[in-house]
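Quick setup: the structure tokens below cover two forms of a single protein chain, split into structure 1 and structure 2.
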Structure 1
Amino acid sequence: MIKLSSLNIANRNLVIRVDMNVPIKEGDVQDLTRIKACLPTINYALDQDAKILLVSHLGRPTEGTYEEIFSLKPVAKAASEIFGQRVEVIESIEDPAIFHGNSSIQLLENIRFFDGEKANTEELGDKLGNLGDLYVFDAFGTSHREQASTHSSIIHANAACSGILLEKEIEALTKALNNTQKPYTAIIGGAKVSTKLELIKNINSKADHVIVGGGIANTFIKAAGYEVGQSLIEESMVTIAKELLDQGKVILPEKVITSETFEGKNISERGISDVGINEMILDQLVSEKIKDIVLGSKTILWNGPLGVFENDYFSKGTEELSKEIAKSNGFSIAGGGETLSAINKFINKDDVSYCSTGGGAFLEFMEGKDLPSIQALKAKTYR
């Protein structure tokens, strides 16, 4: 794979695919982690007087349609402060101002506003890949998707390489994948079992313990025969969850936090056998058993919170878990946007051995899967 750090890019025009899919509330970016993660590549390019056009997606807008709620303008504002210079927003791939604006850094509007992104079309891929002198892929978090900006663009670019963040991700995760020390504990949270079923199955075959959180945990609690009331679960996954439970590695919570509404009506602490039919499980507390498992682990993989931690009523479990991981002497590796947000909210990022910017890509890489973007980069030769 050709690496940006090995190239002379003095005075070149670079199109850099980054992952700035960040949480935004009322026009303000809530978590700057993914923007800051781009700094090594940005600084390397600026130090060589290169001009930069950044490409990113944000959320899930209707393809081909501009939706203000998914605009990257708030991201450009935050990035301007982080990068120390104005980041101009470019509305169209056809804009003649690309690489000719008043700033050395430009940001193309949400790539998912453009027809052909999700379909991985050759037309959009060719345009993106050859807008500049070099196409730099630095968005590890999207490397598992075959889309125009993450796949077709690399294939059709006259010249393409990996960015510095991607190099770092591959190096760190490869080390973790090939040198996993036991006991190995995986913590998998999220809304649905179905979206992470294969991941859970694979991790279940490798890890000594699997701690489940969020809606995923609710489905497992249901599979164990407990009442879950109005909690988010997947009925179609209950049988599969039961099969995984029977293998003896999945650890259920002992106590949960329930409410009748997401806003916090009638909040209660319950044993998992005491949840009422009108209640929702919105957080889970960290039991002494889980604390002992985490502190005794030599490898910890963490993807996903235990509860709706954005709401302070339901943040205790994720906060407790964060602090236990921070105390661990094992190698801890965390990935996923919500996981990084939790780390930034509750502990010092340096207390986690490695924080990956990827979510799904992070887990698929840790399973040993070949990711489309990385495969495409490996096939490129420098001309």
Structure 2
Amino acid sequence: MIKLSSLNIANRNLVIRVDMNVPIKEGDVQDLTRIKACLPTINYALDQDAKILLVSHLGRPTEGTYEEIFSLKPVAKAASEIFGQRVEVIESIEDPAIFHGNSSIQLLENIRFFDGEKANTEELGDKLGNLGDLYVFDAFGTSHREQASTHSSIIHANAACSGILLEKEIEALTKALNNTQKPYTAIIGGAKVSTKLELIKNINSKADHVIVGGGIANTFIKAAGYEVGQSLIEESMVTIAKELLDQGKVILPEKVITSETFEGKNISERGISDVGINEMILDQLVSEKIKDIVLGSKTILWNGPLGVFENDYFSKGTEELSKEIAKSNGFSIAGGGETLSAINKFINKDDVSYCSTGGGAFLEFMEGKDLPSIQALKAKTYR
């Protein structure tokens, strides 16, 4: 894969596909992580006096239609503060001001407002890919999508390369996927087995221990033959959960927190064999066995909370677990939106060796899939 650092970009015009798909409330960006993650590539380009046109999507507007709530203007405002200079918003790909404005950093309006993005058309890909001298792909978070700005643009660009964030992501995730130091422990929590089945299967074949949490744990608890009452489980996944359990790597919680409602009616601490038929398992306690495993691991992969951690009544398991990961000396890697918000809530992000900016892309990479943008970049050769 051609790296940005291997090319001469002095005074060149760069189109950089970034992932600035951030949460916005009443015109204000709520979480700056993804914007800050673009800094290494942007600073590198600015240091070489390159001009930059950033391209990103935001949310899910109707394709080809401008919708104010999905405008990137609030992102440009936040990015201007982070980058220390004005980020100028460009509304049209045909705008002659592209690379000729007063600012060295411009941001194209939400790429999903443009016809052809979702359909991955050659026309839009060609236009985007060759708008500048070089197409830099740095949007790891969208590298699993086959769209014009993430796929066709790379294919049709005269010159395309990976950005610094993408390189960092690939390096860290590959380390957790293929070059793992053992013991290797994966923690997979969250709502549903079905959305993470491929991940669980792939990781189960590589890791020494798979700690399950959240609704996922509930399905495994049921597969182990225990009563789960009214808990969120997936009946269709019980058989496969049983097969995975029989392979001996999955570790179930010993104690869980139950309640009769999500609001916290009759909260109780129960052994996993003592859950009542009117109860829901909404959190779990981190057992001594799990603590020992986490602390003794050389590699830790974490995706998904152990309980309904958004509610303080049911956040204890996720909090305890994140603190154990923070204490561990192993290489720890975390990914997924909920997981990162748990990390931000309970520990210092720097206590985790690597936090991926990807949600879906992180899961698919860890499932062992070839992501379309990365595949397209690998096929590019030096001119």
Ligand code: AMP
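Just so we're clear, the structure is a prediction, and the values are computed from it rather than from any experiment. For numbering, take structure 1's sequence and count from 1.
> Of structures 1 and 2, which is the form predicted on its own?
Comparing the pair, one sees that structure 1 is the form predicted on its own and the remaining one is not.
> Please indicate if residue 312 and residue 252 belong to the same rigid part of the chain, considering the motion between structures 1 and 2.
Yes, the superpositions place residue 312 and residue 252 in one part.
> Expressed in °, what is the rotation of the smaller rigid part against the larger between structures 1 and 2?
In whole degrees, the smaller rigid segment turns 18.
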